[in-house]
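Just the one chain here, the form predicted alone, laid out as structure tokens.
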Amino acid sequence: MSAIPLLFASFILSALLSYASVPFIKSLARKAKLFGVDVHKSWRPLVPKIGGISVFIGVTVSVLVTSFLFNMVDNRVLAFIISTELAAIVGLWEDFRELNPVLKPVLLALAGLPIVFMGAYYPYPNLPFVGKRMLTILYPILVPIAFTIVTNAVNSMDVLNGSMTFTSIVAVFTIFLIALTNGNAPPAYLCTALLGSLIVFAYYNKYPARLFSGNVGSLYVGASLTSIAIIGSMEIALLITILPQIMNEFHIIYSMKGFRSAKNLSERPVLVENDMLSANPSKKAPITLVRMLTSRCSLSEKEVVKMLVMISIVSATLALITEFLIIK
């Protein structure tokens, strides 16, 4: 059977569910007083900060429904649902009550265990220049580590209106192209579900944002990317695609000398004046990709997000070149 109806159904259903859930999420945020201050605007508006629940609802329900309708239920799909749900719970927990910055990576590592215990992986990654390598013993250990790295990296990019959403769309579309070209239906279909919800959420998250994803959204998206890449044996492609996010997180950890809560920062990475962003010259300010981009001249929030997307597209192009010309 052609996979096109499955891909189309998962995308449309996910998008519709995500769109339909937004009013409920806004109401929930108001009742729970879950708002984030948009610190990069002079008028500092309060924005509902758990909008990522719409992505979670759209993808999860779409995958459950379409997997049954198209007879796609297997250990990979179930492991994807469980692992990403655990990451979403960790994120929602942090949105309600701040987590210990050391405990958070541990909990995110645990979210990767369903992938391991349900055997939803292939321990023979295709490495550039060297080909397939057997990592039967090491691979199950690397899966939880990958969950921690990728989820935190995606989370670190959620700093400007649309920055996490649009860069993640680039990453998901890249992984989708690779899966589709390789005829790998399960990860391709999971990608379409994720794309459907992300594209709808981007409408509300773009400048000026009417919804923030919150930790529940960014950690869920990061866990989804990790799960899909592992299930589809596209680990190297994902790592190259999200290299900007990974380097951003690395620089934050290095400059802050370990895992630290953003709320405890004495200096912010960028300064805002007349709605223009410029790098904070203080040595106490953490090093971030946004701070680097604004180090030479002041930029608007829209301009910075466009630059982040362009950087992501360059990384995605390198990932495609690596996958089809070097690994193959």
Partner chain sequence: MSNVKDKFLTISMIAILLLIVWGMFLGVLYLMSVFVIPLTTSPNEPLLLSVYRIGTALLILVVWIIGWHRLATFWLYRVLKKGGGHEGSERNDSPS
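Given the structure is predicted, the values throughout are model-derived calculations rather than measurements. Residue numbers count along the first chain shown, from 1.
Below, we refer to the form predicted in complex with its partner chain, which is not included among the displayed structures.
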Check each of Ala32, Cys297, Leu64, Leu46 and return the one that places a heavy atom within 4.5 angstroms of its partner chain in the model of the complex.
-> Cys297
Quick one: from Ile240, Ile199, Ile89, Val170, grab the residue that has a heavy atom within 4.5 Å of its partner chain in the model of the complex.
-> Ile240
Where does its partner chain sit in the model of the complex: which of 245 to 253, 110 to 118, 189 to 197, 224 to 232, heavy atoms within 4.5 Å?
-> 245 to 253
Does the 4.5 Å heavy atom contact test between Arg268 and its partner chain in the model of the complex come out positive?
-> yes
Answer yes if any heavy atom of Lys26 is within 4.5 Å of a heavy atom of its partner chain in the model of the complex; otherwise answer no.
-> no
Ile57 within 4.5 Å of its partner chain in the model of the complex, heavy atoms = no
Look up in the model of the complex whether Pro208 has a non-hydrogen atom within 4.5 angstroms of its partner chain, and give yes or no.
-> no
Interface residues of 299 to 325 toward its partner chain, as seen in the model of the complex [heavy atoms, 4.5 Å] = Leu299, Glu303, Met307, Met310, Ile311, Val314, Ser315, Leu318, Ile321, Thr322
